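Below sits a lone chain in structure tokens, taken as the form predicted alone.
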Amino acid sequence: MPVFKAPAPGFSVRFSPFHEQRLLAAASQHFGLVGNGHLLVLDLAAAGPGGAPAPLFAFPTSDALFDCAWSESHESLCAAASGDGSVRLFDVALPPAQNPVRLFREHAREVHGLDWNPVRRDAFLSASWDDTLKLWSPDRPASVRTFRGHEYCVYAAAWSARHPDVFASASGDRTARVWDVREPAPTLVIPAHDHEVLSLDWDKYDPSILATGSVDKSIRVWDVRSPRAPLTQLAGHGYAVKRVRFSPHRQGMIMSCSYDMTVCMWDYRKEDALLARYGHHTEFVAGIDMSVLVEGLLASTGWDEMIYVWPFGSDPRAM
């Protein structure tokens, strides 16, 4: 399967919801501390030099990029989260000179997370180190709403796969919070971990189930209807859990990545929950995704500047 060398350490990968062979990636020089960012669109079916996917689109930015997300309503539109506090919209059908097509500058610090609404499809969220989240519409020149309540950096946001107005957020204040866009304050605050919460995602089959990943090396699975204690805790990573993703095809399956340089697959409902561990990266793994269009197709990227795409159960390094 395809292996691609990025121009800088990788931070995020996202499969297109429209094209089976298209992958979006965000990378940043010097591990995101200083230097430029790179937004890449890869065609997994069109091999370039050495058999690697050929970039359909490569756009350098003046600051680091920490996350990216495809539009759920327009096949060529995507968003990127920047270290300068901006959110940038790109149309990959247009040449680089005409991009970004929109630049939002409202956050006071780095934007670390993005998520596009998969139900309503006309809005997306940004999560920032300025302790806030913002709701955006690509057609509006300013944010629709700002959500305040976290007491430290907000690292990630995730829309419910079932409810168009419900999302959750993960923060360095050690909580996960559930929000309704029609309400100014969170509807639920979960003291999820004893250390910073870096990532979270909703189960695609059960709208009450939420998974969180933390600096404490663990993944916890919650039922938001009874959040006093987690349903289960998944232990197996050796360092902070950077991202978690629920499978769009298999109920109970979770993909995770960590600063321990591994990617893990889990089924939280099983006693032996760990299904697979992949050690193909040689640096921190910062981005993962599972394809909505191709069952079992996985992707990862890390600070080793590599992007891997592989089917579940196979070796990511097998070309």
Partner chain sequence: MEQGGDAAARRMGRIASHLRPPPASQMEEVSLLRGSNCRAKGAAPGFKVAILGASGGIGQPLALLMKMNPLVSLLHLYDVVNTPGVTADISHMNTGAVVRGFLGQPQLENALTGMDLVIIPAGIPRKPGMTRDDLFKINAGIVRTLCEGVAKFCPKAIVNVISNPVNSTVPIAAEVFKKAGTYDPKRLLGVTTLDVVRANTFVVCTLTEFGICIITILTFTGTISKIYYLLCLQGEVLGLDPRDVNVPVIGGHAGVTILPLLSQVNPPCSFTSEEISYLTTHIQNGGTEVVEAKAGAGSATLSMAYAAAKFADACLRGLHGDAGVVECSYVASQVTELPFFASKVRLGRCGIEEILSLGPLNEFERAGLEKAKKELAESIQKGVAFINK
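Keep in mind that this is a model prediction, so the values were computed, not measured. Numbering follows the first chain given and starts at 1.
Beyond the structure shown, there is the form predicted together with its partner chain, which is absent from this document and is the topic of what follows.
S.K.: Counting only heavy atoms and a 4.5 Å cutoff, which of 199-207, 103-111, 162-170, 116-124 contacts its partner chain in the predicted complex?
M.R.: Looking at the other structure, the answer is 103-111.
S.K.: Name the single residue among Leu234, Cys153, Ala158, Val92 that comes within 4.5 Å of its partner chain in the predicted complex, judging by heavy atoms.
M.R.: Exactly one listed residue reaches within 4.5 Å, namely Cys153.
S.K.: I'd like to check something about Phe15: if you look in the predicted complex, is any of its heavy atoms closer than or equal to 4.5 Å to a heavy atom of its partner chain?
M.R.: The answer is no: Phe15 has no heavy atom within 4.5 Å of its partner chain.
S.K.: Even though its partner chain is not shown here, does Ser247 get within 4.5 Å of it in the predicted complex, heavy atoms only?
M.R.: It does not: once its partner chain is placed as it appears in the predicted complex, Ser247 has no heavy atom within 4.5 Å of it.
S.K.: Would Pro191 count as touching its partner chain in the predicted complex under a 4.5 Å heavy atom rule?
M.R.: Close contact exists here: in the predicted complex, Pro191 approaches its partner chain to within 4.5 Å, heavy atoms only.
S.K.: Report yes if any heavy atom of Trp303 sits within 4.5 Å of a heavy atom of its partner chain in the predicted complex; otherwise report no.
M.R.: Trp303: contacts its partner chain in the predicted complex.
S.K.: May I ask whether Trp70, Phe147 and Trp179 each come within 4.5 Å of its partner chain in the predicted complex, counting any non-hydrogen atom?
M.R.: Checking in the predicted complex: none of Trp70, Phe147 and Trp179 is within 4.5 Å of its partner chain.
S.K.: Note that its partner chain is not shown here; using its position in the predicted complex, name the residues of 62-80 with a heavy atom within 4.5 Å of it, in sequence order.
M.R.: Counting only heavy atoms within 4.5 Å of its partner chain in the predicted complex, the contacting residues of 62-80 are Asp63, Ala64, Phe66.
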